[in-house]
Every structure is written in structure tokens, then in C-alpha cells.
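In the form predicted on its own, a lone chain appears below as C-alpha cells.
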């Protein structure tokens, strides 16, 4: 029998001298094993131990680090909230912590705009805006922990912002740092001139690509079709159609680029007026097919949120200490639930929206009658079910298995067939 293997050995940490020198305080450069291991995991299933952890103090320091890293060929990855489920904030290279010193929030124009640094969380920003009657457009479920840097880098949108209130659509301006160390502020009237002077090849390349895309009718049609949907996958190449300024075009390519193009030092958002009148229903259908086929009609009523939960989600939710009453009292087999929510500025408007939604649901094959509620406690229970599902499902998985999650987008009319096809694939390949 082979002897037991010894403990795993951590590769010694290392930072190129020029990169280390770019950090003004040596205490913010760490190759200690305890610090590297602490940053090896984020919210995803990846486990990559960085060679070193740098804590950047400000934009100028990030520019110096990137300049030195580019010159030395060092790989760097930025980490702020670390809440991504897809591993974008993990690396075996050099990890740069940008949360500790990038937390600035500046409310502008009575809340109609807000300038934010990448280390501030969505909840912190909204807490500053709520007194003015505004909020950020993006509303990811992890708002308490996810930060603006990740929201921009992943084009995180959440459950109610749709295609009109995400970062791409509500961005007013951005300050970003390129791998060369060049800093670009798109609010500067001379931003294009500055980009052309400092990065002529990049500037010309953007214009060349823009002309190429715009001159191809098939490309234009494909981009317009794909980005009419809530599409956050890959680079936002719709920027080639939406913007003529190279600086603005590049800023909107950076949104959703997962940190591959630049470091976002700050963003200025156009905020969204708060709609304080809200009503929510949790409708339980006989099966997933019935639930997904109800979506087009509900979308047409102007629903702000439509969230589908399958039978597994219901079964997990029944184990919550405060499970919503709509999912209690039965053993889930094929059932599925829809979380439906309407937002309005006034009670009369909200009542009209709820009436339309109730009319649609009355014609659907529901397990029990679904009722809309403006009660804060009832709404909180429904949302606790939705927001707690992933962590609960992932936590209950069998030992030695991994929870995988990724976003996909399909046209609403094809969602039912897509869900059925996915269920068949899960069964065929033993995906639980």
C-alpha cells in the first residue's frame, strides 16, 4: 500500500520588484501564506491561491501597478466584494484588493445622479439615495455584499431592472484605468482627444471596429436582436451601434467585461426614481411548463419582477423557518411558483396593475388562488424565499459535489420550451 501523501505545499508567493515598488506602502503588499489563502476563495466554486495580495490605496496607485504589471508580464485580478458565483474575482496571479480604500459615494443633483467608487456596496449607495427618493437601476440579489466594481464589471442587473435600468443604460460617465496606466474620464470634454493622444492604436482600432460592425447589415441585425433581451453574456458589442465617441464606446465595452479591459475607478450613474407603491404575489402552478407559459401574458401587464421557481426550489423553501404560506401543506412533485411584483408611484396606479395581473392569473391552472399583497411582512417572506434559494440549495448539496450557476438569456415566448429541454438534459446527465 502506498504511504499516505504529505500535506499540500503552497507555492511561495512572489511579486515582481517593479509591481511591488508601485505600491507606496510595503505593508500593503503581502506574500504571506495566511493572506493568500484567505483570498483563494470567493463566492464561486473556484479555489485559486494568488501569488500575492496587494491593497491599492487610490487610482494613481492602481495606474502605477498596472503599468508595472504590463511591463513585467504579471497577471493581475481585481477583487472587491467577491460575491460573483462564476469566479471572476479569483486568480493564481496577483490579486488587487480594491474594496478597502475605494468606498466613496457622492450624491449629486438631489439624488438624480450619484458618483460611486468600486468598493461601495449597492445597499450602501441606495441607503444614501433613499432619502432623496431615488435608487440605483441595477438591483442584484446580493446587494448587501456586492460592490459597484463587480456590478459594472459583470453588468449585474438583478430581478427588476430589466434591459432599461442596468449599468449600460444608466451610466452617465466613467473613470477607468487601462493596462498601460492611462486614466480616462469620459465626463471630460477632451476625453476622446486624450485617449487618441495616449492610446492611438486603441483609439484607431475602436473606430475601425465600429465602422466594420455598422457597415455589415447582418451584424447590425444580430446585435439588435440579441441585445433587445436581458443579455449580460460577453462583451456589450451593442456599444458599437450605440456610441460614436471612442471613449464612451470603450466605457460601455468595459461594462460586463469582467475586468479584462480596464479598472473602473469610479462611475457616475443616472439614478431611478423610487416607486414606493409595491404589491407582490406568489403563484403556485401545477408544473413548470404551466408557469413558464404564463410569463408572456404577465410581461404584457407591465410586471416589474417575474421570478420562476421549480419544484426543487419549492421543496427547499418549505424547509425555511418562515416559509411563505403559499408553498406549505403539500409535497412538491412537479409544481412551480412565480414571484410576481408590480411597482407604481401611486396606490391607484398600483391597483390597476394588480387587477391586470390577477385577471391573467385567474385564467391559469394554479394550485390555489394567488392574491396580491402590499403587506410588507408578506412580501418579505416571498422575497426571502427567492433570495435564499441558491445559498440553501448549494449548502445542501452532497459532499464532494459542486454547485454550478450561470446566466443564460432566451426570448420570453421560448422560455417554456427551453426550461423543458433543460429538465430533460438534467435527467439524462444526472444533474441534481
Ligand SMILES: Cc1cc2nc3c(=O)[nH]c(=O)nc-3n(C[C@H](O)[C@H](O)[C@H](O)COP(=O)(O)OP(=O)(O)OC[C@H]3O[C@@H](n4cnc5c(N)ncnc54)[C@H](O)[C@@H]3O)c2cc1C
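Numbering follows the first chain given and starts at 1. This structure is a prediction, so every number in the text was calculated from the model and none was measured.
Separately, the form predicted together with this ligand exists; it is not shown, and the next lines address it.
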Quiz item: Can we say 281, 373 and 385 each have a non-hydrogen atom within 4.5 Å of this ligand in the predicted bound form?
Solution: no
Practice problem: Mind telling me which stretch in 214 to 222, 329 to 337, 290 to 298, 257 to 265 gets its heavy atoms within 4.5 Å of this ligand in the predicted bound form? | Solution: 257 to 265
Quiz item: What is the one choice in 238, 88, 313, 173 with a heavy atom within 4.5 Å of this ligand in the predicted bound form?
Solution: 88
Quiz item: If you check 136, 184, 116, 153 against this ligand in the predicted bound form, which one has a heavy atom within 4.5 Å?
Solution: 153
Quiz item: Is there a heavy atom of residue 111 no more than 4.5 Å from a heavy atom of this ligand in the predicted bound form?
Solution: no
Practice problem: Give a yes/no on whether residue 167 approaches this ligand to within 4.5 Å in the predicted bound form, heavy atoms considered. | Solution: no
Quiz item: Do residue 360 and this ligand share at least one heavy atom pair within 4.5 Å in the predicted bound form?
Solution: no
Quiz item: For residue 140, is any heavy atom within 4.5 Å of this ligand in the predicted bound form, or not?
Solution: yes
Quiz item: Which residues within 59 to 94 place at least one heavy atom within 4.5 Å of this ligand in the predicted bound form?
Solution: 77, 78, 79, 80, 81, 82, 83, 84, 85, 88, 89
